[in-house]
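Coming up is one lone chain in structure tokens, specifically the form predicted alone.
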């Protein structure tokens, strides 16, 4: 490869992947395209420059911004409005324009210019009501699926790619699922080379965590900086569960895809921390206390929001069987990496993440 374009390149995932790509493929020109809409994204720019990543101010909603880039060998599509709550009580315009119309522009760009597309989709393509209907058992600190229970697309190992897709999933999830379908059509019709990854919760340094996106970093930041936190939804007890993936583990997978692209089909593949890297919110609180050394009184808001789900764990066995990838970094390592970053950059981060 000679040129790599990362859309959303000043975001958390995009910037981390761009920096790592430039580190390991120094002979390549790595370009980061971003509209700088997200809070804190402008603070990423010096980091990109320091690592040799070329920043381009642009927006995938505008096809001429992509056209100015010229041909690339790989388009890593990380640009998105990532909040699952976007559009509830407000306009759907930005999430649909960014996540769907922007993806269409990326597809046309690759169709015309050539190159491979790697698209970061989301676990939120799986519908809300069936996820809420899982037979969850309540334990002291979390909700679980019993080892003997299983159904179509789910088991104690998590949610796999065969989980039924009928039902509503939020505008965010619908925009990503629509994007997946369009990618498959472009691959069939035009021979476009593409890979789709349905990502679970990704976390790590340089994530500007918010309540609705980036909860792992937010939880650690609020403990360290002593800002407010609450358990929200499902009775306000903090027993809802997610698996978490270190962004460096995602990059390890990207390396495999770059080195052996023919091994990866266009069919969507689940990627996430998996059953070995799960936490409930109250378990995350305990981990945050241990790693930061700071205690924090956490409030309770029992009401469940429309898009909230009580449990999601990634079953990534299809991906592991395909290429041998599995996460190498556990929750303690992830927490320590994040806290180190929060401490090292406290002056800049506390106004953003302290609450």
Ligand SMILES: NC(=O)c1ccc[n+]([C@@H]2O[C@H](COP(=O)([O-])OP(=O)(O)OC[C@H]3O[C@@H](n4cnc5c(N)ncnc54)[C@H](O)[C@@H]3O)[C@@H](O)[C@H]2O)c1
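Residue numbers count along the first chain shown, from 1. In this text the structure is predicted, and so the values were computed from the model without any measurement.
The discussion below concerns the form predicted in complex with the ligand, not included here.
task: State the residue from 122, 277, 280, 170 whose non-hydrogen atoms include one within 4.5 Å of the ligand in the model of the complex.
output: Answer to the contact question: 122.
task: Decide if the three candidate residues 217, 238 and 337 all line the ligand in the model of the complex, where lining means a heavy atom within 4.5 Å.
output: Zero of three within 4.5 Å in the model of the complex.
Partner-proximal stretch of 314-322, 46-54, 32-40, 293-301 relative to the ligand in the model of the complex, 4.5 angstroms, heavy atom: Flagged stretch: 32-40.
- request: Please check if residue 310 has a heavy atom lying within 4.5 Å of any heavy atom of the ligand in the model of the complex.
  value: Contact check for residue 310: no, nothing within 4.5 Å of the ligand in the model of the complex.
- request: Would you please decide whether residue 202 lies within 4.5 angstroms of the ligand in the model of the complex, comparing each non-hydrogen atom pair?
  value: So residue 202 counts as contacting the ligand.
task: Indicate whether the ligand has at least one heavy atom within 4.5 Å of a heavy atom of residue 61 in the model of the complex.
output: Residue-level check for residue 61: yes, a contact with the ligand.
query: Is residue 207 close enough to touch the ligand in the model of the complex, meaning at least one heavy atom pair within 4.5 Å?
result: Close contact exists here: in the model of the complex, residue 207 approaches the ligand to within 4.5 Å, heavy atoms only.
- prompt: Counting only heavy atoms, which residues in 1-24 are within 4.5 Å of the ligand in the model of the complex?
  reply: 8, 10, 11, 12, 13, 14 sit within 4.5 Å of the partner.
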